[in-house]
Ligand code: PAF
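Below, in structure tokens: the form predicted on its own, a single chain.
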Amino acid sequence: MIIFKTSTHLSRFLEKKSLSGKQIGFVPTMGALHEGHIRLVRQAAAENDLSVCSIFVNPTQFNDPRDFEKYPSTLERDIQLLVPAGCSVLLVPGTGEIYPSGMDKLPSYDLGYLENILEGKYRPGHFQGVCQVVDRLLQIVRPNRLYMGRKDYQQCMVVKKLLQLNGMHTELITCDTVREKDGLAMSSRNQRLDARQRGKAASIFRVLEMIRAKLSEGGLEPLKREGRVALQDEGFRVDYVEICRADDLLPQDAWDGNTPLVALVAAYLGEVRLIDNMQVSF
């Protein structure tokens, strides 16, 4: 694995590979890697000639500066995980490499309603920050395929919109959420849970399973309310339990028995905010 710290050197290296016909797969991360990230890297390595991973904790997508400051940094361990996973190239840039002109006049993106619902509602500015960093990374790497996990369902839809907006021909590959044995979606934020919180965290998965099992035609609010109450009883502070159309993420008040739906949850345990989702009808 070759490690780059400068975007210019990486771009030149990858441009030569691309001109020689090599296919490039790309996995952007913020580090603190877990098995979910590693499966993305393995898939990128299996489906491309070169697999590229980036580790950059992007300040523009944190609407809470304390959350940014507490984000775990485990670079040495991350490198040890990436090598056996088949990662060809790792980019570890500084902020100046990603935002060479500073962060005062960054581009904005027309994301429509996606920016104002669910995560967008509770984390204003978050998806603009996601687009700013992903757009810049795509300019540096110029991958054939971009790999992201479905745990961040809304983020995947935002990045799909970004690819349409910037006219890039990169193919977005979304991969299944990787879970712990008790169902908890793997996340770098899980490292911040204490033992008691970790024991409760899988309640989110159980609520999603409950919604899937009880889903029926008609009004959906009672099912959402049951999910919220179940999490509150376990000590969560709930941002949302929502059920949306799977193809466009528009929230639904009722189900016709046919439309594919996805259930999504965001809730706090202490200071740690956890998100998860599950397709509940197909």
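Counting begins at 1, following the sequence as shown. Just so it is clear, the structure is predicted and the values come from calculations on it, not from any experiment.
Same protein, other form: the form predicted in complex with pantoate, not shown, and the subject of what follows.
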Just one of 41-49, 236-244, 215-223, 57-65 has heavy atoms within 4.5 Å of pantoate in the model of the complex; which? 57-65
Non-hydrogen atom contact M30 with pantoate in the model of the complex at 4.5 angstroms: yes
Answer for Q155 alone: is it within 4.5 Å of pantoate in the model of the complex, judged on heavy atom distances? yes
Is A201 close enough to pantoate in the model of the complex to count, meaning some heavy atom within 4.5 Å? no
In the model of the complex, does L90 have a heavy atom within 4.5 Å of pantoate? no
Partner-contacting position among V133, L81, V178, L193 - heavy atom within 4.5 Å of pantoate in the model of the complex: V133
Quick check on this chain: which one of I98, A85, M210, M148 has a heavy atom within 4.5 Å of pantoate in the model of the complex? M148
Taking heavy atoms and a 4.5 Å limit, what residues of 182-209 are near pantoate in the model of the complex? none
